[in-house]
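In the form predicted alone, a lone chain appears below as C-alpha cells.
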Amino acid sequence: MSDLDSPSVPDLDGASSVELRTSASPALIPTIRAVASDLAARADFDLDAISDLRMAVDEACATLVDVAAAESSLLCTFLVRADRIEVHAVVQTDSADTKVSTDTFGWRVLQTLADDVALEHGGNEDGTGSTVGITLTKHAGDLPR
C-alpha cells in the first residue's frame, strides 16, 4: 500500500486518541467510566491511578450532564500518552449563561482525583446556546501535588 492509499493520521506526538459520544444521560456515565478505566489499565497505570481516573471521569461527566441541554450529546476525548491520560469532556447547553460551580464538594473531589483540572465555556456566535467542557489530566503514578 502506498502513502496515497493510507488515510492521513494526525501527529499526536506518540499519543493515542479515543473519542466516545453518548447521549448526555446519567445512565450512560458508567460506559464512559469503563472506557477510562480500560485505557488506563492498558497504559499500565497503577491501581490507585486507575481508580482515581475512573472516579474523576465519573464526576466530570456527572457535572456536565447536569447542565446539558435536553437531547444533547456528551463527547469525551481521551488522549493516552505513556505517562498520562488527558480527558476532555464537553456538552451543549441551552444558554451561554450556563455556569458550572467550582465551589462544590464534587468539584473539590474532582480536583483531588485528577492532577490537573480546567473548566471551559464556549458560546455560539449567534447566541443560541453554548458548550461547557471539563479537561482533566491523570498521571500514571503518584506525583507530588
Partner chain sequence: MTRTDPEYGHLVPLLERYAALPADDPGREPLREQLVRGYLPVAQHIARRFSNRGEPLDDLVQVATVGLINAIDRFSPERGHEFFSFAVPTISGEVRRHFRDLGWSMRVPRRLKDLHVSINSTVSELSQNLGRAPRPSEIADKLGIPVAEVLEGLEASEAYRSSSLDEMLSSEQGSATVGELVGEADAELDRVDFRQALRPVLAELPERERTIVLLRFFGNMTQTQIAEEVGISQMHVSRLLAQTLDRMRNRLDPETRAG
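Residue numbers count along the first chain shown, from 1. Everything numeric in this text was worked out from a predicted model, so none of it was measured.
The protein also exists as the form predicted in complex with the partner chain; that form is not presented, and the subsequent description refers to it.
Enquirer: Would Arg42 sit within 4.5 Å of the partner chain in the predicted complex, counting heavy atoms only?
Expert: Yes.
Enquirer: Is there a heavy atom of Glu120 no more than 4.5 Å from a heavy atom of the partner chain in the predicted complex?
Expert: Contact with the partner chain, no.
Enquirer: Please determine whether Ala96 contacts the partner chain in the predicted complex, using a 4.5 Å cut-off between heavy atoms.
Expert: Contact check for Ala96: no, nothing within 4.5 Å of the partner chain in the predicted complex.
Enquirer: Within a 4.5 Å heavy atom cut-off, is Asp48 in contact with the partner chain in the predicted complex?
Expert: Yes.
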